[in-house]
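In the form predicted alone, a lone chain appears below as structure tokens.
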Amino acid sequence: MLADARGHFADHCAICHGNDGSGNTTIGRNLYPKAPDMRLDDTQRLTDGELYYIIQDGIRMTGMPAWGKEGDENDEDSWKLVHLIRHLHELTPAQLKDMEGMNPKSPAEIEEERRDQEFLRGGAEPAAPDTTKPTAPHHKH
């Protein structure tokens, strides 16, 4: 259940809250009010119901949107996120690294990956060569 919640959190929440729940992201630091460090007491002392309500209904006049679906009184994904929030302080470096792979990618990152894959399949060079550094001559095999 926590693995499923980590994937959901990485894909939907981490852009503001960070994979570790710290809120230490470009967006999280620049919201008003800032995204909280959910590992700290201000969040951890909220009841499970309060956390669920915040995920479902958002917080007015902040950057926290409502993620709940209309008429969905018992959203399993939101309850999984509540469970994960309770365990943010236990995330291992390996789990955080795994979550990085599930974070959304920008159009530039997607294009870079596409070029890299094309290059690895024998297509065009992934980027223009850096002409400021001397390079060894290329030999075709």
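Each residue number is its position in the shown sequence, starting from 1. Model, not experiment: these values are computed from the prediction.
Although it is not shown, the form predicted together with ligand HEC is what the next lines describe.
Not one of Leu2, Gly21 and Ala94 comes within 4.5 Å of ligand HEC in the predicted complex, counting any heavy atom. Proximity of Trp79 to ligand HEC in the predicted complex: non-hydrogen atoms within 4.5 Å are absent; the residue sits far from the partner. When contacts are judged by a 4.5 Å heavy atom cut-off, Pro33 counts as touching ligand HEC in the predicted complex. When contacts are judged by a 4.5 Å heavy atom cut-off, Asn103 does not count as touching ligand HEC in the predicted complex. Interface membership of Leu46, defined by any non-hydrogen atom within 4.5 Å of ligand HEC in the predicted complex, is confirmed. Heavy atoms closer than or equal to 4.5 Å to ligand HEC in the predicted complex belong, across 36-70, to the residues Pro36, Met38, Asp42, Thr43, Leu46, Leu51, Ile54, Ile55, Ile59, Thr62, Gly63, Met64, Pro65, Trp67, ordered by sequence position.
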